[in-house]
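Below you will find one chain, with nothing else, as structure tokens; this is the form predicted on its own, and questions on how it binds or moves follow later.
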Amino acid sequence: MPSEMDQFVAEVTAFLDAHATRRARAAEDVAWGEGEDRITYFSTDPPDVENAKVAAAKAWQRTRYDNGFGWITGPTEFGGRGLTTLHDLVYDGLEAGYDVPETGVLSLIGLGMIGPTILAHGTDELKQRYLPRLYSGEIIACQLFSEPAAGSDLASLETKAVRDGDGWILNGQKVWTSVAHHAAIGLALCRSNPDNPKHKGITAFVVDMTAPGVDVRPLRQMSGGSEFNEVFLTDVHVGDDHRLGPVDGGWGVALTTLMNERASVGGEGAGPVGRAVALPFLTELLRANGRLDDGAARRRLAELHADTLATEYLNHQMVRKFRAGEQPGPEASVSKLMYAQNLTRGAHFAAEIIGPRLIADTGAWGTYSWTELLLSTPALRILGGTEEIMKNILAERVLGLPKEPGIDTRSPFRELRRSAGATESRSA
């Protein structure tokens, strides 16, 4: 008799066969000289193409939701399926074999961070109002945390929330806000009590991104796209019914948000960007550039491949822990570090092999296409918790080394690592 998981696999397969087309091969397995000649991490699509992709992502998420796969782990009373994290992982693995729209604009922040935070800290009214709409793809959410003077030291934020009758008035600036230009709601951290210690004077709110006084301004990246934004809040009124958690208790809400972020940055090899660390693809890069017999280049490629495999095995270890009902410990932080470093090394390796042709679009396949990823590599080592912060977490919380002098040990990333068994602090 089939097990419950076997039945779930059969159900997912039947759904995917009915609504999508199976891939002939994985996206990262495109042969040299075939397919789209583009290797990028951040989108550089023009607005019309980007908007079309967002619409497709929403439509596919709606299809998932209508068939019971939009929120596999969520409570049934709010539109979820009520299953386990393992079921979610199994679904993701099966869907990866099909040609479906990319839904990162919805899932990386809204479904992976904001939704779980509303579930944990929102009133029943807020949950009913927003969770079904988020997980059905109707709306997109963004995270209004970072500020020009408050990044890793998030508790230094200065955006003010002043009580106004049955609501609050928000004033301030947020920055590096992904997908804010598509978002209907945002989760904002604000300074509600300047007289309290900085960690104890913060309150969290769900903000209507279409409300008067909300100004979203795209930031142009050097790779050409504008996935990030700065958001100005000018006399924005938010009802007290849109507050998450207690007044001045927003620090706990922030930790919930960061703990629930999916390990997207640690998802090594996902999509076309995975070609940047794929051994067969990089081997063909050497062959195409007459460097296949270059011993030094082959050694560097072998080292990169070994680290890529180690990261994949680390991710497999996390999956095994999920299957056993455990939460991953330091593996998630190490995976985040390794993922960013592997992509960076892959891009730099390609730049060395290709040489000056990388910066001139001559039409030659596999040359200029590396430029977008190469220009994105500095951001990979900053987003989701800087490389320095992640190394400090591992050094102090896992290896037991002394704390770095002069560093606020209560930063969100450090608090999430009170023990080696804590879940991932911040990944993407």
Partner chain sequence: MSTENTTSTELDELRSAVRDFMTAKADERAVRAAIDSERGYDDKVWAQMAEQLGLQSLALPTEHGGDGYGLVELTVVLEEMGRALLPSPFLSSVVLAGTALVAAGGDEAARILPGIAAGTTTATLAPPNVDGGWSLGGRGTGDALAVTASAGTDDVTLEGTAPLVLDGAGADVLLVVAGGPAGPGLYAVDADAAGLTRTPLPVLDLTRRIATVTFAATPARLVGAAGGAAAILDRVLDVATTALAAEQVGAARACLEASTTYAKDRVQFGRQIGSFQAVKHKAADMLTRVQVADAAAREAARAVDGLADAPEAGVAAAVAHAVCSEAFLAVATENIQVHGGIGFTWEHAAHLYYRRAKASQLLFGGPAVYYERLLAKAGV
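Numbering follows the first chain given and starts at 1. Just so you know, these numbers come straight off a predicted model, no measurement behind them.
Omitted here: the form predicted together with its partner chain. The next part is about that form.
Undergrad: In the predicted bound form, does Gly80 come within 4.5 Å of its partner chain, counting heavy atoms only?
TA: Gly80: no, not in contact with its partner chain in the predicted bound form.
Undergrad: Give a yes/no on whether Leu399 approaches its partner chain to within 4.5 Å in the predicted bound form, heavy atoms considered.
TA: Judged by the heavy-atom cut-off of 4.5 Å, Leu399 is in contact with its partner chain in the predicted bound form.
Undergrad: Does the 4.5 Å heavy atom contact test between Asp37 and its partner chain in the predicted bound form come out positive?
TA: So Asp37 does not count as contacting its partner chain.
Undergrad: In the predicted bound form, is there a heavy atom of its partner chain that lies within 4.5 Å of any heavy atom of Asn392, even though the partner is absent here?
TA: Judged by the heavy-atom cut-off of 4.5 Å, Asn392 is in contact with its partner chain in the predicted bound form.
Undergrad: Mind checking whether each of Ala310, Arg320 and Pro405 has a heavy atom within 4.5 Å of its partner chain in the predicted bound form?
TA: Checking in the predicted bound form: Ala310, Arg320 and Pro405 are all within 4.5 Å of its partner chain.
Undergrad: Out of 155 to 163, 300 to 308, 232 to 240, 91 to 99, where are the residues with a heavy atom within 4.5 Å of its partner chain in the predicted bound form?
TA: Selected stretch: 300 to 308.
Undergrad: Which residue, Leu258, Val206, Leu131, Leu314, is the contact with its partner chain in the predicted bound form, using a 4.5 Å heavy atom cutoff?
TA: Result of the distance check: Leu314.
Undergrad: With its partner chain left out of view, which of Ala350, Val334, Leu108, Val175 would have a heavy atom within 4.5 Å of it in the predicted bound form?
TA: Checking each option against its partner chain in the predicted bound form, the one that comes within 4.5 Å is Val334.
Undergrad: Give, in sequence order, every residue of 34 to 56 that has a heavy atom within 4.5 Å of its partner chain in the predicted bound form, or say none if there are no such residues.
TA: Nothing in this stretch is in contact.
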